[in-house]
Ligand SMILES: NC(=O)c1ccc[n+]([C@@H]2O[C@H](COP(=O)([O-])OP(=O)(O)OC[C@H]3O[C@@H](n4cnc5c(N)ncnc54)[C@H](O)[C@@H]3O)[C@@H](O)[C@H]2O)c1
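A single chain comes next, written as structure tokens; it is the form predicted on its own.
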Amino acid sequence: MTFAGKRVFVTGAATGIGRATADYLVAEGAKVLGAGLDGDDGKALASRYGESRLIFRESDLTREADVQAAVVAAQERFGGLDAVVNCAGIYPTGKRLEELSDEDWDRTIAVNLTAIFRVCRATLPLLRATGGGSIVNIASVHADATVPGVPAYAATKAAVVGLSRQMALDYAVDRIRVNAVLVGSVATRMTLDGLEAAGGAEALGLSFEPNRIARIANPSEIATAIGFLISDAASFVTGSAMQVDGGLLARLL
């Protein structure tokens, strides 16, 4: 896989999977525009490489104006885009449906689903103008099998898979590939907070041990899978929901 010359827009780029993806792609030759809420973390990442290779914009991607400003920046700085990776997300826990407020539901939908819709809508013209490209949307194993107390999260991640497949069908004519990644537990701030709220990794049958099924991943392990999907090596991969979960969904109990 080579990323030399590729221009990639990564959301949620300040922390977690998004940060690991931005870091990996730039180290392998890509130019990255990162966007997210954690401004200090994002700027620290950008300062490591310089603005000729990585630009970070502090953005609230639930706001249409912030999405449009980021896309304008990609066009002005890079002259277009070759790939888009939607990593931004939240993981509200500990509430069954009847305990979930309208505000919690709406916020989860806005961040985990509507923001992806807006980013894709805004960037598709740039990908088309390039002659095609790739979109990768981060979903979750919760799209297929879930745990108690995360109704909004599970609903959004299932929707991300459906949206990705629909876009793959609609934009194949434009040579734009669209895939989702079903991630398992990853050692990010968001996931670790959720594990703690659930009583710890062991309570959910998870482990940090590298030789265990359903272990907790390092974010860099997700980044390389994302890199494959946006690379030319994945030219025949579109409309997929690729599991990168350490075997979590393969386990019966």
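All figures in this text were calculated on a predicted structure; none of them were measured in a lab. For every residue, the number given is its place in the sequence shown, counted from 1.
The form predicted together with the ligand is left out here; the points below concern that form.
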Is the ligand in the model of the complex near all of Leu33, Arg118 and Val136, within 4.5 Å of a heavy atom of each? no
Classify Arg107 as contacting or not contacting the ligand in the model of the complex by the rule of any non-hydrogen atom within 4.5 angstroms, answering yes or no. yes
Contact between Glu28 and the ligand in the model of the complex at 4.5 Å, heavy atoms? no
State yes or no: in the model of the complex, is some non-hydrogen atom of Ala155 no more than 4.5 angstroms from a non-hydrogen atom of the ligand? no
Would you classify Arg189 as touching the ligand in the model of the complex, given a 4.5 Å non-hydrogen atom cut-off? yes
Using a 4.5 Å cut on heavy atoms, which of Ile90, Leu169, Ala129, Val147 is close to the ligand in the model of the complex? Ile90
Specify the contacting stretch among 170 to 178, 94 to 102, 70 to 78, 137 to 145, defined as having any heavy atom within 4.5 Å of the ligand in the model of the complex. 137 to 145
Residue by residue through 37 to 62, tell me which have a non-hydrogen atom within 4.5 angstroms of the ligand in the model of the complex. Leu37, Asp38, Ser59, Asp60, Leu61, Thr62
